[in-house]
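The data below hold one chain only, encoded as structure tokens and taken in the form predicted alone.
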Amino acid sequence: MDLSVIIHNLDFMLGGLVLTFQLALITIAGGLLLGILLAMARLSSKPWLYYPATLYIHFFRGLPLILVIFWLYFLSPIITGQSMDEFLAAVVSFIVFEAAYFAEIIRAGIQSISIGQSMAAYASGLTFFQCARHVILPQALRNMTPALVTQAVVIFQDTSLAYVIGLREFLRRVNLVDAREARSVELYLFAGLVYFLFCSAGALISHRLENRLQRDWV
């Protein structure tokens, strides 16, 4: 086993890792924002909000992410007449897809709060927004945080799917180095180790948050 292939190409591969983190962080921020709006629409009593949001969530949760990436990247030039940058196509695909999962996590977190607490808040004179700000959301956020962290780890893993449109994220660059150096064992063991370390860190954070929540509830 020749590990020098990793050392000699480390800068190139770490450049891809930076791109992977950029894609993951932008997706988490954008997905959370869109997910909050979708969750609010799903909890709304207004049909013109509830049904479109429900259709959106079920539609994207019923598709593989790689298909959404393909559609956006290859259909957008046909529709708009202009090709889309690989990174932009990946960001938009990931956000619209992951928002459906974030929305369900947020909705479940809000619905985990007893309706009696809302009624007590209204009875004490709080408005809808005051009730949401001071009573519902702090507790709901605590309940949903472990699931949100887990979803963020999944997003980090899924960024490798962006290779299908040629985006040179971390795994794509490992693949390019392997094509040149023919050192598959060393390079893919290295790639696996990198993913394992970062995903394990995320899983550990999620596990500790769950334990903290259980202690708070006792």
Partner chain sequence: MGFLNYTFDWTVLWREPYGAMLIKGIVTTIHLSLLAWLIAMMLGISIGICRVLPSRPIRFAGSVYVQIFRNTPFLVQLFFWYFAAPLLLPKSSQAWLYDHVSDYSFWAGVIALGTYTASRLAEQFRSGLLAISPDQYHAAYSTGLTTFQTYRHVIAPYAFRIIIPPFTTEFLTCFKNSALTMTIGVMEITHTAYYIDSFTWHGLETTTAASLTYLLISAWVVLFMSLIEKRLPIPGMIARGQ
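Whichever C-alpha set is largest while still superposing within 1.5 Å between the two forms counts as the rigid core. Residue numbers count along the first chain shown, from 1. From a predicted model like this one, the values you see are computed outputs, not experimental measurements.
There is another form of this protein, the form predicted in complex with its partner chain, and it is not shown here; the text below is about that form.
On the criterion of a non-hydrogen atom at 4.5 angstroms or closer, are 78, 164 and 175 all touching its partner chain in the model of the complex?
Looking in the model of the complex, the three residues 78, 164 and 175 all sit within 4.5 Å of its partner chain (heavy atoms).
Counting non-hydrogen atoms within 4.5 angstroms of its partner chain in the model of the complex, say which of 33, 26, 63, 40 makes the cut.
Selected residue: 63.
At 4.5 Å between heavy atoms, only one of the stretches 87 to 95, 131 to 139, 112 to 120, 67 to 75 reaches its partner chain in the model of the complex; which one is it?
So the stretch in question is 67 to 75.
Residue contact check: residue 44 to its partner chain in the model of the complex, 4.5 Å heavy atom:
Output for residue 44 is no: heavy atoms all beyond 4.5 Å of its partner chain.
Given that its partner chain is not shown alongside this chain, does residue 49 nevertheless sit within 4.5 Å of it in the model of the complex, heavy atom to heavy atom?
Result no; residue 49 lies far from its partner chain in the model of the complex.
Residue 58 within 4.5 Å of its partner chain in the model of the complex, heavy atoms:
Residue 58: contacts its partner chain in the model of the complex.
Would you check, heavy atoms only and a 4.5 Å threshold, whether residue 209 touches its partner chain in the model of the complex?
It does not: once its partner chain is placed as it appears in the model of the complex, residue 209 has no heavy atom within 4.5 Å of it.
Those residues of 185 to 204 which, in the model of the complex, come within 4.5 Å of its partner chain by heavy atom
In sequence order, 185, 188, 189, 191, 192, 195, 196, 199, 200, 203 come within 4.5 Å of the partner.
Taking the rigid core as the reference frame, is the Cα of residue 82 displaced by 2 Å or more between this form and the one not shown?
The answer is no, as the C-alpha of residue 82 shifts between this form and the one not shown by less than 2 Å after core alignment.
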